[in-house]
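Before any questions on how it binds or moves, here is one chain, the form predicted on its own, in structure tokens.
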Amino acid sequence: MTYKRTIVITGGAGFIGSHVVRLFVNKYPEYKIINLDKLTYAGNLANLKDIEDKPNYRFVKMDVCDFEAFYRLIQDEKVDGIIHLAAESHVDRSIKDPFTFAQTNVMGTLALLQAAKLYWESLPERYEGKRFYHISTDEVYGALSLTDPDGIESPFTTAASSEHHHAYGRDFFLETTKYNPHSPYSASKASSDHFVRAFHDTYGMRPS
């Protein structure tokens, strides 16, 4: 069967990734969905038992840091899009092992970006119809200041909500909030975000 699009979803055996994979496989039968996962502590193929026999689904066990293997895969499968969820996660784990977080989250993302760039730029249409979706985390923004330590009600607290909690700050995260990572995990994710933006600004790739 010829598919309209071929999409790679990294980290597709994880909790969030498995829901994304299932959604795409069921909603877009005309798309070929490739679930790429290393199957470490966070990956479990049992999450996708209900779709493993679908004709438009394929699982590939692979480390996102393996540039050569991924580059071969996207050429062989003629990949049009990448949804990148694979990452080392949890702040506590990153404090104990920052090197692994930097390797997977930064270098792994860079490997995917470079492979996609090389392949898509080799095509006549180049980046037309191609997308790289990078999934980040709110951790890259750090924490808001404790501007109301005594729990005085903020102007945004309603009568109903004030019965259940106190307001400890008057600020909100906005689209203009600056990056402010405080842990190896958030720093690695912020770094990967910046690489994605750099590939857009430098090479014209169309990430989201």
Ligand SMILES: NC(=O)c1ccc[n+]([C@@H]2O[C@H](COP(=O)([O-])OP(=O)(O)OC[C@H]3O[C@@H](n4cnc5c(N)ncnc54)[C@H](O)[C@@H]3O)[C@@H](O)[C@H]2O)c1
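All values reported here derive from a predicted model rather than from experimental measurement. Numbering starts at 1 and follows the sequence shown.
The same protein has a further form, the form predicted in complex with this ligand, not shown here; the description that follows concerns it.
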Original post:
At 4.5 angstroms, heavy atoms only, are Ala42, Leu85 and His90 all close to this ligand in the predicted bound form?
Top reply: yes
**OP:** Answer yes if any heavy atom of Arg58 is within 4.5 Å of a heavy atom of this ligand in the predicted bound form; otherwise answer no.
**Re:** no
Subject >> Exercise: Thr104 in contact with this ligand in the predicted bound form, heavy atom 4.5 Å >> reply: yes
Subject >> Heavy atom of Ala13 within 4.5 Å of this ligand in the predicted bound form >> reply: yes
**OP:** Answer yes if any heavy atom of Tyr185 is within 4.5 Å of a heavy atom of this ligand in the predicted bound form; otherwise answer no.
**Re:** yes
Subject >> Sequence-ordered list of residues in 109-139 near this ligand in the predicted bound form, where near means a heavy atom within 4.5 Å >> reply: Ile135, Ser136, Thr137, Asp138
